[in-house]
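Next up: just one chain, as structure tokens, the form predicted on its own.
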Amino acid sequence: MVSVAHSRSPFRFHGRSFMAFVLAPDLPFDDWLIELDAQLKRSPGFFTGRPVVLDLARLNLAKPDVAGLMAQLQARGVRIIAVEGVETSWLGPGLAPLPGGSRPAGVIDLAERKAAEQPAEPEPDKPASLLLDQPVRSGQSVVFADGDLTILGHVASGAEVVAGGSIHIYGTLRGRAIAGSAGNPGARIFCSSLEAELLAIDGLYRTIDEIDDHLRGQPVQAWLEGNALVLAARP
């Protein structure tokens, strides 16, 4: 009898990166929840289907306070995937786990390492900008975290474009545009016709209900002045 040895495939973990919103509540919670309710009334689908990290690092809270806040957010349809700034011992079935350190997504092979590893090749320089020559359709999400994003077509209602730098849209902006996502307060948003559901730069945002009527349908640019998101018509 001849025995045939079959090689086994290496055991693998698959990683995946994604973007999550971060909520950083202020005390007292009752007042902060009133402001949140006002935002949800203006944009009912703002958090729909979106993962949210709850950042409580600035607050000195007890476990019942955290559990009560989590219940209030869940009742509003806010999907909490992780909590920062709380005691690890508090994290039971009713609380989301603390997020671990972020690492690039990829595949990790649990195979035997080579005796002599080859020196790693230097990574190629990442592009500082991304150009899209087609429209962004409803339901699509375009994320470019490494620089400026330029779109030659329209951004449809229900679509989302996100950039670490500035965003330039040469068509009508009807969806969401989020610039400075990597913490860049100098980022700007430019569009040829403004009908946006939401504009945001470095965490500060405006919804369509907060945009002056005379700016709608006009070429507009948006930027930050201090803690205010400013919009102005372009010549």
Partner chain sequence: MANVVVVTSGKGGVGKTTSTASLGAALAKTGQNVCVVDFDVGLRNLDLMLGAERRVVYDLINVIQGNAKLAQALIRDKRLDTLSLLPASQTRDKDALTEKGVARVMKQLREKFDWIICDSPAGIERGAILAMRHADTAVIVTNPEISSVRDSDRIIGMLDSKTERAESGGDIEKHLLIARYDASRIARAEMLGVDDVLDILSVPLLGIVPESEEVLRASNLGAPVTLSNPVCAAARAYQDAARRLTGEAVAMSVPRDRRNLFGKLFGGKAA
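Residue numbers count along the first chain shown, from 1. All figures in this text were calculated on a predicted structure; none of them were measured in a lab.
The next section is about a form of this same protein that is not shown, the form predicted in complex with its partner chain.
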* Structure fact -> Answer key: of 131, 143, 80, 156, within 4.5 Å of its partner chain in the model of the complex (heavy atoms) is 156
* To do: Have a look at 70-78, 161-169, 131-139, 144-152 and name the one stretch with heavy atoms inside 4.5 Å of its partner chain in the model of the complex.
  => 131-139
* Asked: Taking 4.5 angstroms as the cut-off for heavy atoms, does residue 206 touch its partner chain in the model of the complex?
  -> no
* Would residue 174 count as a contact of its partner chain in the model of the complex, using a 4.5 angstroms cut-off between non-hydrogen atoms? -> yes
